[in-house]
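Before any questions on how it binds or moves, here is one chain, the form predicted alone, in structure tokens.
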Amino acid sequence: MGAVGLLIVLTLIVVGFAAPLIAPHDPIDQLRGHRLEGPSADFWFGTDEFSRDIFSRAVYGLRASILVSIFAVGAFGTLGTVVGFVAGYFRGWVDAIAMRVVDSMLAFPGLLLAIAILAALGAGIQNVALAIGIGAFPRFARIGRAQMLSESSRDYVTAARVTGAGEIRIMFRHVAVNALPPLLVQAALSMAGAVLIEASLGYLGLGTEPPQPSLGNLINGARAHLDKWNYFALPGAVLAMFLVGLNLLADATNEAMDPHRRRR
């Protein structure tokens, strides 16, 4: 399961980042005389109502989804983990203030919070990444805090403290290594969630600004042409495949790092 998930994810990441080399046409070029064509040797996914190549647009849209998810989870996941570590290690008023802020952020569903942020900042891929990252932050903070509370009372932390190790070294050299497995699982799940939210925002017209492509606005554009199965089904299949790969990878990571499940 993990090998299949990793193969799917790596393949789609390579395709997304190599979009300028793989895409047979410019994603915003209008190719006269090829309006709403079906899949063919020249247009693998067919063309849309503006005579643009759907495959090229899907590949570039996949790249946008990957970039947004990597930035959102990488930057804000790391920040949330650090905040959780600090709150769980020092406890007291630091923990109380940090966790009340996190709790207030968790009160809003991720998609609703992203819509509110984009309503204030405006559409655009940078603002989408920021909005999704802010939504991912509290989950990593909670998991980081829980792991720190669990690990900081263990004997190896006491031994490190007795040998004179500083607080920063204990947190990020000793505890972080043992707290990593659940955070890696959460990272894979959060990337899947980030891709789905980015597609949802594109579908609602709040994501990548036209004529630049995203998987969400491709599926939205197909609403008026449901008789053209290739228009909505093929970009949707790319999105579904990426989500399935990330979820398989998360499940396999969880099983590999859980000693009870590994023994069973």
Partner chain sequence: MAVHVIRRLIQAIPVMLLASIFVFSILQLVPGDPATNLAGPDASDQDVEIIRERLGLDKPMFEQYLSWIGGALRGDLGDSFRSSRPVSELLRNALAPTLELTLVAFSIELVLGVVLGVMAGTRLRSLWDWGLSAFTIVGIAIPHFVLGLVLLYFVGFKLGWLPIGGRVPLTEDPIEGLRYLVLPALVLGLTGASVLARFVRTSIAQVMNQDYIRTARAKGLAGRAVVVRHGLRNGLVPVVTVVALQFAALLTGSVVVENVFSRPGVGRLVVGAIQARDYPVVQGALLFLVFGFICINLFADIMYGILDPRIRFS
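Positions refer to the first chain, counted from 1. Predicted model, so just to flag it, every value in this text is computed and none were measured.
Keep in mind that the form predicted in complex with its partner chain is missing from the display, and what follows is about it.
Its partner chain in the predicted bound form is approached by residue 204, whose closest heavy atom lies within 4.5 angstroms of it. Not displayed here, its partner chain is approached by residue 236 to within 4.5 Å at the level of heavy atoms in the predicted bound form. A residue is said to contact a partner when one of its heavy atoms sits within 4.5 Å of a partner heavy atom; residue 66 fails this definition for its partner chain in the predicted bound form, lying far away. Looking at residue 159, you'd find every heavy atom of it more than 4.5 angstroms from its partner chain in the predicted bound form. Highlighted residues 13, 129 and 177: none comes within 4.5 Å of its partner chain in the predicted bound form, counting any heavy atom.
Screening 83 to 91, 104 to 112, 70 to 78, 150 to 158 for residues having heavy atoms within 4.5 Å of its partner chain in the predicted bound form returns a single hit, 104 to 112. In this stretch, 169 to 191, not one residue has a heavy atom within 4.5 Å of its partner chain in the predicted bound form; the partner itself is omitted from this view.
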